[in-house]
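For reference, the chain that follows is the form predicted alone, supplied as structure tokens.
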């Protein structure tokens, strides 16, 4: 099982603890990663498509040359790339224009055959849950976990859940929490924006969103929140203290990235998953995990 790996810029830059954790988990699962080199940012949903579609088409063309589907570890990357890919596949004339005006000078051409999948989808649709369960060394019983998909991984339907069967993607993270042995502490905003895209334009509202999501999770008794998106992780973990200061209410909720969560169940210790590099302390989570070993 092999993928053209697109880790995204946040797991390499803003939250560098996330990239090595994901690579270790993929290796443990036997998922071979051929990391894409010299590719650009997807645009993260904050740049117009006339700028980002050519950039993403170039990435798709490079994966197409490898003959591999793209795997990401970022909800935002998945959502933006999936929407770009939908436009490029749906309109051959548009794709030809992008190829002609932007890719031809490099000798690249996107033919419209690349598929983009998040690791979360790979686990359910390609790898198989029974196979994953057979590798669980540490069922996470006793941990209560809130899912946070972010706003991209469940929309838009024509790009993310184009068939009735794929509608299950909207609940994969919920299901995974139980599969790994933990208890779910559900929250109302799990499919909404974390607040990162508006941080520079409206800091007050962005921090209010951080406080709402993490605060509700804490009130529901969660030990931590798990997200498939490094951007959400960056905002919910990195700006939580500022959200606390704005609301005047302590939250203190650790935020784990999806591969870290899976990695703990596979038997990796918290240090191997780089939990100590998080902004919000993970000491209590580490203590509970150590008692399971």
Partner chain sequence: MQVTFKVYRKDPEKDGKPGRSNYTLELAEDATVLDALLKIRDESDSTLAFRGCCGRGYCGECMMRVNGSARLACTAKVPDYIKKGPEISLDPLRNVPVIKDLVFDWDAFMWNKIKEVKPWLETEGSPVNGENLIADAAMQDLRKVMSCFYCGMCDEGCTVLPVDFDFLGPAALTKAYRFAFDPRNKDSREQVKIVEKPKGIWDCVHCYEADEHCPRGIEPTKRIVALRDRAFNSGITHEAVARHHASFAASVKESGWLDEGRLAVESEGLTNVKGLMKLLPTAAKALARGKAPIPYMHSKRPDADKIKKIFEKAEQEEK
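Positions refer to the first chain, counted from 1. Values in this document were obtained by computation on a predicted structure and should not be read as measured data.
Just so you know, the form predicted together with its partner chain exists too; it's not on screen, but the next bit is about it.
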query	finding
The unique member of 165, 219, 158, 90 whose heavy atoms fall within 4.5 Å of its partner chain in the model of the complex	158
Of 61, 44, 251, 265, the one that lies within 4.5 Å of its partner chain in the model of the complex (heavy atoms)	44
Candidate stretches 118-126, 200-208, 139-147, 172-180 - the one whose heavy atoms come within 4.5 Å of its partner chain in the model of the complex	200-208
Contact test in the model of the complex: residue 33 vs its partner chain, heavy atoms, 4.5 Å	no
Contact label in the model of the complex: residue 94 to its partner chain, heavy atom within 4.5 Å	no
Heavy atom of residue 51 within 4.5 Å of its partner chain in the model of the complex	yes
Contact flag, residue 39 vs its partner chain in the model of the complex, heavy atom cut 4.5 Å	yes
Site check 134, 286 and 292: each within 4.5 Å of its partner chain in the model of the complex by heavy atom	no
Residues of 254-285 having any heavy atom within 4.5 Å of its partner chain in the model of the complex, listed in sequence order	276, 277, 278, 279
